[in-house]
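The chain below stands alone and is given as structure tokens, in the form predicted alone.
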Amino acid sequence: MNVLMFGWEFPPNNSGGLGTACQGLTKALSKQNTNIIFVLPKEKPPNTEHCIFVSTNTNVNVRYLDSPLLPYITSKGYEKLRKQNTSYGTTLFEEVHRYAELAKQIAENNKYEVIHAHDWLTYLAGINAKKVSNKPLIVHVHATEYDRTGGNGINEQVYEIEKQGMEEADKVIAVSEYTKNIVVSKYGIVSDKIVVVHNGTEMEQHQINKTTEKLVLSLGRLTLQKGVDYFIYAAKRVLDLRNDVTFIVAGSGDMEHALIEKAAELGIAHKVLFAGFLRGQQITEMYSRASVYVMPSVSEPFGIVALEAIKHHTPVIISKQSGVSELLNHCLTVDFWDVDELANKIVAVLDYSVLAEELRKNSVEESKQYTWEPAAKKCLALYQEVRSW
């Protein structure tokens, strides 16, 4: 099976879970006799004439199209970026359309049976590829505009691209039932068109480095969607009761300065460590040292980070408003807005070693089934289905 896949980030150059998901899925697909042409935007290096760059890795052939589109970029962020190079689209949305036109070059000059596009920045590219090749299109919904904005002040242009992509696709993949419900209720896509494929993780063994320190970790993008402000409020509740706990906020995003200011305003700045954006071994060490990991997302389509924390033998507390909560039984869940309940459960894990050990042991065992192989098998079956139409 040959697949033309459009994404917009891929490790090691990724800023969030989408890149991790794309890497895990393509790696698992490649082990199941699937050849993938994975297309990414990348700003053209200086003094380079051609717009297509190629990097080959096993069965995954990564190709770059000349575009400055970046993961999780906003219109304001794009405007700043474009000041450095005026050869691209004048607005973010103009650049998304320009990138979709470039995608035709890849679509016209390669052989494949199925097109697979990840999230809104690539949907128009996927649609163009379908038009020039007459091959079936699958769009993969990792997050929607409703998730990113918490349902408040959605960007209508992003919404319309998402809706168009889902409507013109032959099938839609949602990363959870939670996301499927949003796609049906907010975008009007018929339920039968949507297939739920939960994300996974690579269950390699990690060295565990737990300490006697009481460390409470939140790791992810610092945006409204991730609910880190609720983590800060819960930290205040816990620290009102005891002062032997350190809270760690790892990640970057547009709320970073506001969160730092909020910690100072609440008088807990000395107990909240902002670790910045972490990669590789830094993340491993942070998970391994944490007493408990907290994912307080306002709207989380899946939440791979919860699985990553578990494989480092760290108990997790996750938002009920998350896709991963559909899979995990051996964790604690809270409504993202209930900071008192979140604080109570943090204290419970810190105080009761039997509870922490049971969560740790049972969640590790449970998570072993949530690898990328089942997700790849579901995608491969879907490829075979749409190809036969």
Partner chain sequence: MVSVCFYFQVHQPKRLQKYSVFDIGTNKSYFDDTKNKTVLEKVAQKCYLPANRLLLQLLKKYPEFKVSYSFSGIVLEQFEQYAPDVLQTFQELADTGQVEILGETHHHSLAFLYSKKEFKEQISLHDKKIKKVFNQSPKVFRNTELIYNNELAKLVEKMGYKGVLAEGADHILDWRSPNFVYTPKNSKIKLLLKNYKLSDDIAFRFSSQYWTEHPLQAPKFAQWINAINGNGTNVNLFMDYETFGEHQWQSTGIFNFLEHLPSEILKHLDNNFKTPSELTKLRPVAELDVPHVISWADVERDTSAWLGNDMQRSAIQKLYEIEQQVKSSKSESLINTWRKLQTSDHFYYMCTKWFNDGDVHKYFNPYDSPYEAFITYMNVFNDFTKKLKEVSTWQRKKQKLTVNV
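Numbering follows the first chain given and starts at 1. Quantities reported herein were computed from a predicted structural model and do not represent experimental measurements.
Missing here is the form predicted in complex with the partner chain; even so, the following discussion is about that form.
Enquirer: State the residue from 359, 28, 40, 37 whose non-hydrogen atoms include one within 4.5 Å of the partner chain in the model of the complex.
Expert: The residue from 359, 28, 40, 37 that makes the contact is 359.
Enquirer: Name the stretch, out of 254-262, 234-242, 213-221, 158-166, where some heavy atom lies within 4.5 Å of the partner chain in the model of the complex.
Expert: So the stretch in question is 234-242.
Enquirer: Residue-level question: is residue 373 within 4.5 Å of the partner chain in the model of the complex, judged on heavy atoms?
Expert: Close contact is absent here: in the model of the complex, residue 373 is far from the partner chain, nothing within 4.5 Å, heavy atoms only.
Enquirer: Residue 33 near the partner chain in the model of the complex, any heavy atom under 4.5 Å?
Expert: No - in the model of the complex, heavy atoms of residue 33 and the partner chain never come within 4.5 Å of each other.
Enquirer: Mark residue 364 yes when one of its heavy atoms lies within 4.5 Å of a heavy atom of the partner chain in the model of the complex, and no otherwise.
Expert: Residue 364 lies outside the contact set for the partner chain.
Enquirer: In the model of the complex, does residue 340 come within 4.5 Å of the partner chain, counting heavy atoms only?
Expert: Residue 340 belongs to the contact set for the partner chain.
Enquirer: Kindly confirm or deny that 329, 345 and 355 each have some heavy atom within 4.5 angstroms of the partner chain in the model of the complex.
Expert: All three within 4.5 Å in the model of the complex.
Enquirer: For the stretch 94-123, I need every residue with any heavy atom inside 4.5 Å of the partner chain in the model of the complex, listed N to C.
Expert: Heavy-atom contacts to the partner chain in the model of the complex: nothing from 94-123.
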